[in-house]
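Consider the single chain below, provided in structure tokens and representing the form predicted on its own.
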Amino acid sequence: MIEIQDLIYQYEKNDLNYIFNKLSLTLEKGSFTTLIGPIGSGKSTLVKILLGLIKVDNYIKIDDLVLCTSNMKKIRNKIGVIFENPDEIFVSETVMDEIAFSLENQNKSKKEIWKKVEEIANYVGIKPLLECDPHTLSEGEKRLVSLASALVIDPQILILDEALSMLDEISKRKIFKILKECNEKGVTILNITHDLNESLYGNDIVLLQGGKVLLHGSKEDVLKQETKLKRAGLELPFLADLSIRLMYYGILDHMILDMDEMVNAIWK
């Protein structure tokens, strides 16, 4: 679904510090990937590149479309994005209008727009909020509005750019439940975060460091790379850390990342 080959990018042409130095990355269709890295590793910059907000000359394909000016509209119609601070991107006075905004830009009929808005509001559980000003909502509600706004265009790719960093665990679990359902329906999800705990909700992990992909694989395989993750300043999720310790002592023979499964395994 996303293919990047030898991406090179620096903020200034004469800057010797490369944000990306021959970065190559392929994300399969229908994958649920957590992209993680230390501050300054270029996570948010990569989002802007994929959306065409930062232009590069390197080879990038999104759903078999080469990333270029002539394909930009088609590509953006395939991607839904949720950003870290919803208040900075809200453009409407009501939640209803906020969700409808993307559809209006696609020249949909009013009847089609309101039907779709109501449908997606029901799906994410925010129908009672449709007449509210989005800026007055709680942080969790704002993220649900952002999620609805992203899903209303039926994206093939959903990107979260540090979108859940300010949320409590209950709100996170609610959103990840919806994301998991979307992924099971075929939506490719890329969750960009600095919190390795969020990787437990996905299937694969990509670790960016030094302008390149340092690790890329299933979450179980990547989380076993404790030394490399700690060198990148990342702390292992509790269950991953516990699994590694219990595997060392022979109590487990594989990594367990589900609490109920862990309890059952220990008490056998």
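When you see a residue number, it is the position in the sequence shown, counting from 1. Given the structure is predicted, the values throughout are model-derived calculations rather than measurements.
A second form of this protein, the form predicted together with a small molecule, is not displayed here; the remarks below concern that form.
From the list 32-40, 222-230, 56-64, 195-203, the contact stretch for the small molecule in the model of the complex under a 4.5 Å heavy atom rule is 32-40. Within this chain, Tyr11 lines the site of the small molecule in the model of the complex, having a heavy atom no more than 4.5 Å away. In the model of the complex, Ile19 approaches the small molecule with a heavy atom inside 4.5 Å. The closest non-hydrogen atom of Ser218 lies beyond 4.5 Å of the small molecule in the model of the complex. The small molecule is not shown here, but in the model of the complex it comes within 4.5 Å of a heavy atom of Ser44.
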